[in-house]
Every structure is written in C-alpha cells, then in structure tokens.
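Shown next as structure tokens: one chain only, the form predicted alone.
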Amino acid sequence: MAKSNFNIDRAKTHILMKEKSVANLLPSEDGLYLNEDGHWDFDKWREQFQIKIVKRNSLEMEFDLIGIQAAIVNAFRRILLSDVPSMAFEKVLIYNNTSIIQDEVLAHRLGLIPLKADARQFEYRQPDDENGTDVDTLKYKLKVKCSWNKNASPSAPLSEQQVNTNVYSSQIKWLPMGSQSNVYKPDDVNPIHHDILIAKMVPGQEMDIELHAIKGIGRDHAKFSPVATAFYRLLPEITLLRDVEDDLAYKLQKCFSPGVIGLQKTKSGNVKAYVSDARYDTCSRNVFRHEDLKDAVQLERVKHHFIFTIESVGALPPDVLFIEAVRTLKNDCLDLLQKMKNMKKSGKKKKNN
C-alpha cells in the first residue's frame, strides 16, 4: 500500500479528505496571520492576501480569495445575498384583474421580476410615504387585454386568432416621475428579461395594474437580493500516490468530474492517468469505493484558498456587486468601532460621576 505524503507541516495549509472523515481541521490561529507574540499582523496578512479572477462576464464571475479566513469569505457571501440593495416591485396596485390568477399570487409574481435599475442612484423610501418621489420610487404600469384577432384566418392556429394570450414582462411600461425622464432611459430601468411569462389569458380577460419599485435589501425580502446565488468552496488538490495505468486509469477518470483526470500514452504504449485540473473536483470521493484505487489517490483542500462564485440577476455586473459587498462590510465595521468608542466614552462619564 502506498504511503501518504501528508505530514505535520502540510497539515497547516491543507485539509485531508479521508474516505469517511475530514482530517487536520486546525483552528484558524495556525500562524497564517500572526506575528511572534501571537497577535494579528496586518502587514503579514497583506503580503499573503491575493484576489485572482478566473472568469468574468456580465452575469457570472469566478475568482480566488487567497490568504483569508473563512469567516470573512462567508461574510461577503451573506452580504451579497442580504445586504447589497437593489430595486424591486414593492407596491402592486391592481385596478382590474379578470385573469384566473389571484391578486396576491399575481402581485408576488410581479415582485420577483428583476429590474435593470441601479439601486445606488436611489434613496430608501420612507415607511410613511405612500406615493414616493422621483428619488426613491420607480413607477410602472401593466395594462393588457386579451381579445380576438379580427384579421386572423379562421383556419389559423388558436394562438394566432387571439391577441395578448400571454402576458410578458416586456409589456410592463415605465412611467417617469418628476425629472426621471431626463436622467434615465427606459432600458435603464425596465425589467432585465423581456420574456418572463406573467400570466395567460383568454379573450375578454384583462389586467390594469400600477407598480411601484423601491430600494430594498435581501434580508427584508428575497426579491431585493441582487444575486441569483453567491457561494464559495476550498481549492481542491489531488495527488496520485502511484502510477495508474490502462483499465484502472479509465476507471479512475470516471471517479471524478470531467476534466479533472487526464489520460496520456506512455513510451511503452500504456495509458497512464494524471491530474489534469483538480480545481473542478466536486469532492465526491467516489474513488474510495474501489479497493484497487483507494490507495492511489490523496484528496486535499487548500486552507485559506477559496473559490468564490457570484451569479448576478443582471442589474449590476458581479464584480461591481463584490465591491459593494466589501464597501458594506467596511461601513459596518466602522459603525461598530464608532459605537464601541461611544460606549467607552459613556462608561468613563458614568465612572467619573
């Protein structure tokens, strides 16, 4: 049986994935950020900390956070989900709805339609304000009636004989308030996706609705969350402890996600397995099910190296959302420090009195 190359020094930087357990989960005070006297060393941390962008587009970004604690990474995730604001429909004024969808269900469906509006350009609406203003509210209307198409041929499909059978998000029209038309264009504030199906109707049914979009955060309601999801995982590392060739090589490849294990021909004509890209290993540990392979692989996770993924709903690109999350965390920390200073001053005053 091959001997693992896992040692004490490696245990400080790697987590060992065993068949039925996880080993070497040392506490965070393992010297990564500490100086000789055991206190946190900012300069030492700054030298080790890195951000590496792996892929990025308008909706999704994957990047590495290297040299940082899990608590901070998780704080970014939670802030993205619940504390970075966005615009969403909060008030739905239904003047007429003769479709089969109940008013409350229709209002809920409309509230979940993501809007392109940039929440950074708006203020929070006051709780006692029923109508809102041009600095804190976006107003829309949805007025649709299903009817028969008089110009359609009697032999045409039923979908062509009717008009407005399907109600889509593209039929939601923006109603500028105050000077909003001078600042924004419809494409700046309209629904991000134009093909979201809101309801189906038959001739004679109609909707007449006014919608108010306001600024909010995900902790109040999920519709205000600017991300579809945000998650992270530790960087996988796979080590082959012995040569795996021919049939075993093919079997080993099937134990992992596509692209993790590669195959190459040796000079002798055999097929040999090698680690092609361990990054996208899903930690299934299927290899431990095979007695002839379980001793050939060492699975690890690199401590303090996080693969972070952000999927935006589309109002703001994911890199901007991450910057907003960092800014939010910074402001929260400054607010906490100020409150602690105020408490300290208050305590001194009481002591002197």
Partner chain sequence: MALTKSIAELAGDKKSDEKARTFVLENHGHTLGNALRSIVMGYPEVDFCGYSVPHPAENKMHFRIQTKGPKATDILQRGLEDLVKVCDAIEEQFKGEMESFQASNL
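Note that the coordinates shown come from a computational prediction; the quantities given were computed from them, not determined experimentally. Residue numbers count along the first chain shown, from 1. For the two forms, the rigid core is made up of the largest set of C-alpha atoms that agree within 1.5 Å on superposition.
Separately, the form predicted in complex with the partner chain exists; it is not shown, and the next lines address it.
Colleague: Tell me which of 76-84, 166-174, 148-156, 241-249 has residues with heavy atoms within 4.5 angstroms of the partner chain in the predicted complex?
Modeller: Stretch with heavy atoms near the partner: 76-84.
Colleague: Applying a 4.5 Å heavy atom distance criterion, does K143 contact the partner chain in the predicted complex?
Modeller: Heavy-atom contact with the partner chain at 4.5 Å: absent for K143.
Colleague: Quick one: is V275 in contact with the partner chain in the predicted complex, heavy atoms, 4.5 Å cut-off?
Modeller: Output for V275 is no: heavy atoms all beyond 4.5 Å of the partner chain.
Colleague: Should R279 be counted as a contact of the partner chain in the predicted complex, where contact means heavy atoms within 4.5 Å?
Modeller: So R279 does not count as contacting the partner chain.
Colleague: Since only the chain is shown here, I'm wondering whether V326 would be in contact with the partner chain in the predicted complex (any heavy atom pair within 4.5 Å).
Modeller: V326: yes, in contact with the partner chain in the predicted complex.
Colleague: Of the options V202, I72, L93, V135, which one has a non-hydrogen atom that comes within 4.5 Å of the partner chain in the predicted complex?
Modeller: Here the answer is residue option I72.
Colleague: Quick one: which residues from 318-346 get a non-hydrogen atom within 4.5 Å of the partner chain in the predicted complex?
Modeller: Stretch hits, in order: D319, F322, I323, V326, R327, L329, K330, D332, C333, L334, D335, L336, L337, K339, M340, M343, K344.
Colleague: Do you see a C-alpha shift of 2 Å or more at K330 between the shown form and the other one, with the core held fixed?
Modeller: False for K330: its C-alpha shift is below 2 Å.
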